[in-house]
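Read the single chain below, which is given as C-alpha cells and is the form predicted alone.
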C-alpha cells in the first residue's frame, strides 16, 4: 500500500514539475495569442472607435457591412491571387535551392548564407530596394526593358501588373527561408535508401520523384502551411511601395486591417476583418493538415 502511495505521489510530483516548466510558455501564449484572439472576436461584434467610452454591442453588423462593401471583396480577391502567385513558386524555388546546396564543398556555407540572407532582411528594407528596382524610367527593371528594345512599364502604377510585381519580390525573399526547411528534410533522408536506388539503376529524376519527394512529404506539409500563413502576414511592403495604389489594386487583407484600425480608427471593423483572416487560415490549413497527414509516411 505504501509502495502504491509513493508511486502516486511521484507521479503527481512529475505532473506538477511539468506544469511548472510549461507555465512561462503557457503564460506568454495566453497573453499574446489567446487573449488577443478572444478580444478580436469580442470587438468584431461591437461598434468601437477611438474616443468611445465603451464598445457598443451590434452583433454581426460589421460582417454584414463588409459583405456589401466592394472594396472588401476586391481586397479578398487580391489576397487570394497573391497567395496563388507566391505559395507554390516560393516552395518550388526553395526546394530547388535546397537541392542545389545539399552537398559538401569549400564555399557551400557561404552559398547557403547568401540564399538565406534575404529572408532575414527587414521587409521595409526589401520593399525600399525593390521600389527603386521598379522605379519608372530610371529603375533597373525599366532600364533592362529599354536596353532589350522594350518600353518603360512603371509596374507599380499599373493595376494589372502591380500585384505580380510585388509577388516576384516576395518569392525572392521567401524562397531562402523555405530552403532551410527543405534542406533539413533532405539531410534527414537515410543515405542508404538513395544508394540502394542508385544500385538498382534509378536515374536522378526517378530517384527524386519516387524516393526523395515521398520522403519529403512531412517537410512539404509543414512548409506549405508556413508559406500559406506567411503570405497573409504582409502589410509593411504595401505601405512602403504603393499604399494600396492604384485604386486598391495592391491592397492585401492585413494592410486593409491596418487601414481600418490605425487610419480610420474603426476597431470594430478591423477586428471583424481579423476574425475573417483567422477563419480563412483555419479553414485552409486545418482540414488539409489532418487529411494529408494520414497519407504521409514518416521515415
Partner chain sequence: MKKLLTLALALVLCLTALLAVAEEPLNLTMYFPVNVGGSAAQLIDSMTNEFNTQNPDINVQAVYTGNYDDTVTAIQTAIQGGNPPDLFVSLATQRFTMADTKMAMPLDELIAADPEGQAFVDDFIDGFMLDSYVEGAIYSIPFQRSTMVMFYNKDAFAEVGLDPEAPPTNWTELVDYAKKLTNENRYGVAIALNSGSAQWAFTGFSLQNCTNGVGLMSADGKEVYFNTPENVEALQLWLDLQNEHKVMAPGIVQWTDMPTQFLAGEVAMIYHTTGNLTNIKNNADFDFGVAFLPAGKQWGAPTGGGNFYITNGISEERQQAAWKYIKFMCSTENAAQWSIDTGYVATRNSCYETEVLKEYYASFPQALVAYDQLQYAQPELTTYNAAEMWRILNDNIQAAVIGEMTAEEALQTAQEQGDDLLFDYQ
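Positions refer to the first chain, counted from 1. Computed from a predicted structure; not experimentally measured.
The form predicted together with its partner chain exists for this protein as well; it is not shown, and the discussion that follows is about that form.
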Going by heavy atoms within 4.5 Å, which of 227-235, 261-269, 26-34, 55-63 lines up against its partner chain in the predicted complex?
261-269
Using a 4.5 Å cut on heavy atoms, which of 102, 188, 198, 157 is close to its partner chain in the predicted complex?
157
Answer yes if any heavy atom of residue 161 is within 4.5 Å of a heavy atom of its partner chain in the predicted complex; otherwise answer no.
no
Verify the contact flag for residue 50: yes if a non-hydrogen atom of it lies within 4.5 Å of a non-hydrogen atom of its partner chain in the predicted complex, no if not.
yes
Can you tell me if residue 84 lies within 4.5 angstroms of its partner chain in the predicted complex, counting non-hydrogen atoms only?
no
Its partner chain contact at residue 138 in the predicted complex, heavy atom, 4.5 Å
yes
